[in-house]
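Below you'll find only one chain, the form predicted alone, shown as structure tokens.
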Amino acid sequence: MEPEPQIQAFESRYGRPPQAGARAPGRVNLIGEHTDYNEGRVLPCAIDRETLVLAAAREDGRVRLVSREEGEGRAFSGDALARRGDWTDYVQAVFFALAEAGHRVGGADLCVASDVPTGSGLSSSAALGVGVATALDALFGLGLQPIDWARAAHRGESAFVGVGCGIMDQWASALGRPGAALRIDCRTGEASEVPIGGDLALLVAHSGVRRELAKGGYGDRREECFAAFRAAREAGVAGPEARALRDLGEADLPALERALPDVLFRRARHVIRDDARVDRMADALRAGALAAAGALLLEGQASLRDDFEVSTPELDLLCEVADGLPGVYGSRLTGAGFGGCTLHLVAPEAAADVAVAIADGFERVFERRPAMLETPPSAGASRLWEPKGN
């Protein structure tokens, strides 16, 4: 996103130029869904849609902010943070997390603009949180590293906003690499690159169904996973050293099926199998085995639909239409589900035709065309500039 129009908007709003600027991208997850808060593995990459945050310091401790997308300005005191139930909570959350970590952050004027679609499963909230953390680091000379931006954004979204999310979204936004996915161990925070070659295109289709993580089904699934693990421990399937569903393997599934109620068993089966699919997908991508990579997406979608029950008719249809097209290796929903987007692994030369065919097939059933996005794996967050002397 070009910063110049937003610089002009900042100057028009606040009567002075910004002192610091930062950007942070959204993400798409290739495989490993709902595994992050179960301390498992995930395989996301940053995308070429991002949030831009411009900032200038204030002396009075107040924070004023405006979003290009939301329009009306907001304000709060850095010394009196309180949830409001709107997008500003994700900004306040970063101030909360940085203060908790012992960083001195003063008042600021902030201007935010984003082309990451909200409620899409592409982590617009993580892009906002990481972007704000990066901009405040630049503005106040905090001396942080990208992993610190990720930690501040995750801590804020989890503890202040109350989503209770895993680390995947913030890690992908802060640490993304061009031309690569990140295999992230959500227990240790370790991230390693998995190259995505030029013989594979990532196509994303937006179902048009908006989702909100802080409400409804996401929290239900999270609690069901924790309940499944507690039941597995009580039944002796999970040993005393186990901490989460991540510590169980596919060999444990027969015992789990005998010990757990059906719903909890199916939730656990999805998490255990999708966690295993992460390393299989990483191996397939490294080997250029694109048919095998696509087959893993098909397995993942069936699991998310049937075992985890987070798909929707719109997401199902997008996958079904795409998987019948030449040049498509495989499809699945991406993100937590309940709406948002699907991901399609496609031969690059077929991507344009596939995008049109998916939109046509979707329109025939739902009488509207889904937004389509082809995105390369992209760079993570970065400072654009900072005050002299920082």
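It should be emphasised that the depicted structure is a prediction, and the values quoted were computed from it without experimental measurement. Residue numbers here begin at 1 and follow the sequence given.
Although not depicted, the form predicted together with a small molecule is the subject of the following passage.
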Original post:
Using heavy atoms and a 4.5 Å limit, would one call residue 168 a contact residue for the small molecule in the predicted bound form?
Top reply: yes
Subject >> Contact of residue 40 with the small molecule in the predicted bound form (heavy atom, 4.5 Å) >> reply: no
Original post:
Would residue 354 show up as a contact with the small molecule in the predicted bound form if we use heavy atoms at 4.5 Å?
Top reply: no
**OP:** Look up in the predicted bound form whether residue 44 has a non-hydrogen atom within 4.5 angstroms of the small molecule, and give yes or no.
**Re:** no
Subject >> Of 96, 76, 140, 218, the one that lies within 4.5 Å of the small molecule in the predicted bound form (heavy atoms) >> reply: 218
**OP:** Tell me the stretch among 159-167, 101-109, 231-239, 290-298 that has any heavy atom within 4.5 angstroms of the small molecule in the predicted bound form.
**Re:** 159-167
